[in-house]
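Listed next as structure tokens is one chain, alone, in the form predicted alone.
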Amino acid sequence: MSFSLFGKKNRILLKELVKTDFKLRYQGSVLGYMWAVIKPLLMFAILYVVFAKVLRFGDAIPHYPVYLLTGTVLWNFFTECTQQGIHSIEQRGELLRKISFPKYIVVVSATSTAVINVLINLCVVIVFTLINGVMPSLSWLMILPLLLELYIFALGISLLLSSINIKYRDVGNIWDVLMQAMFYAVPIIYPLSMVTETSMLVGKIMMLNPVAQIIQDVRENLITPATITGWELSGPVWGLISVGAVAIVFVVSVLFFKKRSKYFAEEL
């Protein structure tokens, strides 16, 4: 099985699956596609009231509302990507049994819906950034490669876990629990400085998580250079570890998915 999206038939199939997934996501909803923007904004509003106004987490952070919104949007993107990707093969079982095509297309199409949503949400983030008084700069161009890095990491996890979830349906539930725990292990609602002031080692370990690394890098390039990043904490070598982890996870996941895909029809 080739992992190429450049074949004409593969591109057409991927396009149709993405359109179908996106339409089904909001089918029957009164607000429809507006939920792609409303949902993360509502989550941001709740977190902002609790952690900024009540607990005062953002007092020392420049432009904290945008800082929090950016972290929330990127976290939602990663969560949506992996949750949709893990169940994609299972949900497309009937199609996989009837038609012969590269199975990875199903996972890519499921995660592509999250890509559409995050691009819409990033437009909202940029508007809020400008309203908050942040001046545009060339560093904003770094957002796209960082977003690509986050997508590759999420896609790798989706490929790996979706192929396991077919046989062991508990995988999706376990991942949901892990995501709840990971939400508090990533500096989304609190500044990383709160951790490093207590333990520099814990801060360095947290930044080995590619999701944490990417969120902090996006904040640094989009909002304020005062954002603490992995490179700042431990130098380029430590910072490259999380990038290397993304590459390793993706390659291992692709190989595992390729090996397991021949058994999907039997196990679905």
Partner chain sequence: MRMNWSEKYLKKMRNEVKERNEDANIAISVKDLYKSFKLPTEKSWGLKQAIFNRLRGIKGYKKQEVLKGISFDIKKGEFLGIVGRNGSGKSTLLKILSEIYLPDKGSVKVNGTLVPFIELGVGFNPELTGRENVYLNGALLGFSNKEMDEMYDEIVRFAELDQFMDQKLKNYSSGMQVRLAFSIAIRARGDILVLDEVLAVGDAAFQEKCNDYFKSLHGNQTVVLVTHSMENVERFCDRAILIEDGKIACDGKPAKVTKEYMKLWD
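Just so we're clear, the structure is a prediction, and the values are computed from it rather than from any experiment. Residue numbers count along the first chain shown, from 1.
This protein has a second form, the form predicted in complex with its partner chain, left out of what is shown; the following refers to that one.
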>> Since only the chain is shown here, I'm wondering whether Y151 would be in contact with its partner chain in the model of the complex (any heavy atom pair within 4.5 Å).
In response: no
> Is there any non-hydrogen atom of L17 lying within 4.5 Å of its partner chain in the model of the complex?
Replying inline: yes
> Is L96 close to its partner chain in the model of the complex, meaning a heavy atom pair under 4.5 Å apart or at it?
Replying inline: yes
> Does its partner chain get within 4.5 angstroms of any non-hydrogen atom of W75 in the model of the complex?
Replying inline: no
> Each of K8, S100 and Y168 near its partner chain in the model of the complex, meaning some heavy atom within 4.5 Å?
Replying inline: yes
> Can you say which of 107 to 115, 190 to 198, 153 to 161, 168 to 176 gets within 4.5 Å of its partner chain in the model of the complex, counting heavy atoms only?
Replying inline: 168 to 176
> For the stretch 249 to 266, which residues lie within 4.5 Å of its partner chain in the model of the complex by non-hydrogen atom distance?
Replying inline: K262, Y263, A265, E266
